[in-house]
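Let's start with one chain on its own, the form predicted on its own, as structure tokens.
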Amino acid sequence: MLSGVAAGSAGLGGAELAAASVGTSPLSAVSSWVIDLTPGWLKDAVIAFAGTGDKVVLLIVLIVVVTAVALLAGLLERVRPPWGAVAFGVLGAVAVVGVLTRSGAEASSPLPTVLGTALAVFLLRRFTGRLRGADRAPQAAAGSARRTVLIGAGAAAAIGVLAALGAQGLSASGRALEAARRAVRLPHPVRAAPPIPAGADLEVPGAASLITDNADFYRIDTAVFVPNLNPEQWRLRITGMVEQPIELGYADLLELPMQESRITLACVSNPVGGDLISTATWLGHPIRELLARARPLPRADMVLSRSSDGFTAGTPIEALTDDRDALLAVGMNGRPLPQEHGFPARLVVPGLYGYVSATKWVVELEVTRFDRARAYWTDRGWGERGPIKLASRIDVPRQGQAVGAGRVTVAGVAWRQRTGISAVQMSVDDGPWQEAELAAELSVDTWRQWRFDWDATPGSHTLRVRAVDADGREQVEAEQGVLPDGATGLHRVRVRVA
């Protein structure tokens, strides 16, 4: 069993190390393939359980599966050769298929997987062959042979783990990307975001900040390993139902007039009271101006945006051509886009959940129709258009938190992008709704902070919040899960008052 794990570890580590220079990482490709094949309900369950750690959960599951296969391969090769080697061969073949299913796969893409599989098979047969030889040797020689195998297998396993961990750091494309990002100088916007009005940030400790730091911005996407896109080689194509197809590079994009906009993005997988929502100051070029240059045909009603990793999102064309600040973004909170948030360019569209609009690492905008093209998530049972729903959240106090009797500050955020928030109301123990204090509005496309000063009495209490949008609509109280187009219901927390 140790021989199998050691051989598998060395093979996987060798493959990842080779992929740092040429071809595709088998772990990355298989992970992405598994995401594509996983049913929507299971993905939703994983996100609900792990949040932004969903990819860590997937990697752990894959490593457990590979380890189990390696254990079995070691046993089989020991007692029924060559079936252990065959097991590794099957695992390698599955990985090759996963590599070839990725967007942009080339003839050289499976090379690291093939080399890693060959190394695993060689080491497995070498270790188990020595063990079988030890069975026929005198006792002293057998013990020496087994110790040799033990030392060799341990060394192979350690080297494999180190190689896999070091592969990302040694990646030539990763080093080039980091250097390219550091060299980027964002242009000054021709239309800067307006100053933050006084009173827009209530600065309640523990509540969501008005603008989310890049490091804290939520991340939900289908890329297990972040794509490495060199901006010098990046191209965006506008194709499909247009009179004038367009292609532009990163330097071309940076020369276009830029504008700053503060926009709150939300994930459709965000449950009631969830944290898969954040706000940033984005810098980008209006998508409507790019589409105007391409001149979409009158019958077009959707833009299918495509990521470099093959992900697609179908956005209603009116959301990209009306007066909202839909951007092809290059900057986030005053800096070039972080790699994990779409560098060198991504889409940012107010008012729509990210699965239909917020494509990262975008490389193509195909103007088409909803009855002609299907996007990644709509093919998996989610709604087509994804408008963000009116919602609110209690940030402080937290669920189950103990607080002292007396005046307690309850605070959080509410949002309805493209419409705005006109009121937030609190209810204690299902009592009457009471008006909360609203912070000044940053814009209709961002969340709005609120606070409520509660005279808390000893005991256990349930706090509920609801929002009212600028059109007078109250937040839906009926509970619905995130499928197919976003959760509804009122956030509530239970607190203990000493």
Ligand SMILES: Nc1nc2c(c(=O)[nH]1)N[C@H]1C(S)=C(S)[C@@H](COP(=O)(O)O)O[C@H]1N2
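Bear in mind the structure is a predicted one, so any value in this text is a computation, not a measurement. A residue's number is simply how far along the shown sequence it sits, counting from 1.
Keep in mind the form predicted in complex with this ligand is missing from the figure; the text below concerns it.
- The contact with this ligand in the predicted bound form, taken as any heavy atom within 4.5 Å, belongs to 346 out of 346, 288, 102, 125.
- For the options 421, 280, 283, 358, the one in contact with this ligand in the predicted bound form, meaning a heavy atom within 4.5 Å, is 358.
- None of 182-190, 258-266, 82-90, 205-213 except one has non-hydrogen atoms within 4.5 angstroms of this ligand in the predicted bound form; the exception is 258-266.
- Under a 4.5 angstroms non-hydrogen atom cutoff, this ligand in the predicted bound form lacks residue 417 among its neighbouring residues.
- Residue contact with this ligand in the predicted bound form: residue 341 places a heavy atom within 4.5 Å of it.
- The closest heavy atom approach of residue 131 to this ligand in the predicted bound form falls outside 4.5 Å.
- Residue contact check for residue 395: none of its heavy atoms lie within 4.5 Å of this ligand in the predicted bound form.
- Contacts between stretch 201-233 and this ligand, counted in the predicted bound form as any heavy atom lying within 4.5 Å, involve 217, 218, 219, 220, 221, 222, listed in sequence order.
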